[in-house]
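The chain below stands alone and is given as structure tokens, in the form predicted on its own.
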């Protein structure tokens, strides 16, 4: 059985988790860090529909033949998380990177939302 066949056999039957997430706001925008161990880039989906940012992924662990599983705590699963983003986010420049089981996203602030100094005029 190929990997894709295994995925289709178990589709819809996997445990679903909301991944641990940190969101940090800086002057330039929002930085999101999401823990997604076992997820490959091709199994990650990030959709932006109007103000809804939806992130879903599937983690699949290799099967070993000829062994007896005594105790398993890691297993195939699905991750799902969604956020509502405001108009302060510049949607066209959102970036995402998946490395070492951590999804890093950057949601830049639109120019109108970035902090700025107000110059005081002498009067």
Partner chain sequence: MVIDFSSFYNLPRQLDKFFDDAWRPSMISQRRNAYPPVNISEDKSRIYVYSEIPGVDIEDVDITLSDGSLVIKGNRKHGKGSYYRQERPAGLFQRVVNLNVAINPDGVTAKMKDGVLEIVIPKADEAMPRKISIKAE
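Given the structure is predicted, the values throughout are model-derived calculations rather than measurements. Numbering follows the first chain given and starts at 1.
The same protein also has a form predicted in complex with the partner chain, omitted here; what follows describes it.
Contact between residue 81 and the partner chain in the predicted complex is found at the 4.5 Å heavy atom cutoff.
Contact check for residue 99: a non-hydrogen atom falls within 4.5 Å of the partner chain in the predicted complex. The shortest heavy atom separation between residue 39 and the partner chain in the predicted complex is within 4.5 Å. Within this chain, residue 45 is remote from the site of the partner chain in the predicted complex, having no heavy atom within 4.5 Å. Contacts with the partner chain in the predicted complex, taken as any heavy atom within 4.5 Å, map within 55-76 to 61, 64, 66, 67, 68, 69, 70, 71, 72, 73, 74, 75, 76.
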